[in-house]
Each structure stands twice: as structure tokens, then as C-alpha cells.
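Only one chain is given next, in C-alpha cells, and it is the form predicted alone.
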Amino acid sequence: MPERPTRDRILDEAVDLFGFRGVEAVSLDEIARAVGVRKQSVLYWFPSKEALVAAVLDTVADELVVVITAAIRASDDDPLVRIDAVIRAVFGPAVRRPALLGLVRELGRLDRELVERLRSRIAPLVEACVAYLELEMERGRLRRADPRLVAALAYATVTGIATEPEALETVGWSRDLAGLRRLRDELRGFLRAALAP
């Protein structure tokens, strides 16, 4: 099997190191050592640390868009089933790669331009979600609520895992794969109960 391209290996290592240790705590030298290349190779692909962080955020946003879009296309027409599929899809990458949750935690510490870049990448997906919720509420297939707040509550639950794990631990949540799956299932059940017509 051929070795993956250097650029992809750098991005993968940066996702893990930035996610587990934080962007500020990780140097380009460390990333280069972890990949097995010189720092100049990292700088060839990413002219600065900020450019590497931007590429990492783009990669994560692209993955999120792909998994959510695939979940929507593959799901049943029933809106509760479709919402359930999207929640499972959002949690999927985090279960497979816990460093992604750490990247969510880092968003509050990053340069505003980088955060806006990520926000602009996922904004169309969020708007499509809100429009879908609103349409299904108007059709009577979902209980009437504020679709933006429903989306925000789901988002806050997902980001809360990354940003407030200590608070979740005080209510008995465990910071492991089983705990992540349990939280995902609780969110799925909560949304189903809250939105059932």
C-alpha cells in the first residue's frame, strides 16, 4: 500500500496534536517530528502555523458536511428518523477520533478570522437544517418550536462535550467512548421526545 501524501499526514497529525494538546501548545517542529519530516516540509505545504490551523478547520468542516449530507440522503423521509440519523452522523467522527472534540474546545481560543472561516463553511449546512425543521413543523410532522433554538440546543450539547467535560462529569458522565455514546443516545431520545407531533 503506498504511503499517504505528506500534506495529508501533516493534517492528520495536526488534528490529533491540536485536538489533544491545544493549538498554542503544539509547535510546527513537533508536528514535523511526529510526521517524520523536517519543519521545512511542513512549511512547504503550510506557510505558517495559522495556515495549518485554517487547513485543519477546513478539513474538519468538510468531513462534517460530508457525513451529515450522507446521513440525510440515506435516511428515511420521516423527520424524526432523519434528525436521528444526523445526530448519529455528527457524533460518528468524534467517536472514531476524539481529538475532534478538542478542536471544538479550541475554537474559543483561536483568532476571530479563523473562527469566522469555519463558521462560513458550515453556515449553509446550519441554514439548511433550520429550513428543514421549519418546513416539517409547518407540515405538522414535527412539534412546533423555534427551529433555530432547536438547532442551537443540539449544537450546544455537542460542543458542551468538548468545552465542559468537567461539568458533565459532575452529573455522572464518563469521558470515554461508552460515555460519548450514552450522551449521543440521550440527545437522540431528547430530540425525538421534544419534536414528536
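Between two forms, the rigid core is the largest collection of C-alphas that superpose within 1.5 Å. Being a predicted model, the structure only gives us computed values, none of them experimental. Numbers follow the displayed sequence, beginning with 1.
Beyond what is shown, the protein has a form predicted in complex with the DNA; the following relates to that form.
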Worksheet, complete the sentence: Within 4.5 Å of the DNA in the predicted complex, heavy atom basis, the matching stretch of 63-71, 145-153, 129-137, 31-39 is 31-39
Worksheet item: Would A54 sit within 4.5 Å of the DNA in the predicted complex, counting heavy atoms only?
Response: no
Practice prompt. Answer for V26 alone: is it within 4.5 Å of the DNA in the predicted complex, judged on heavy atom distances?
Written response: yes
Worksheet item: When you measure heavy atoms, are T6, W45 and K49 every one within 4.5 angstroms of the DNA in the predicted complex?
Response: yes
Item to complete: Heavy atoms within 4.5 Å of the DNA in the predicted complex is the criterion; list the residues of 131-151 that meet it.
Response: none
Discussion item. Once the core is superposed between the shown form and the other one, does R148 show a C-alpha displacement of at least 2 Å?
Written reply: no
Discussion item. After core superposition, I'd like to know whether S41 moves between the shown form and the other one (criterion: C-alpha shift of 2 angstroms or more).
Written reply: yes
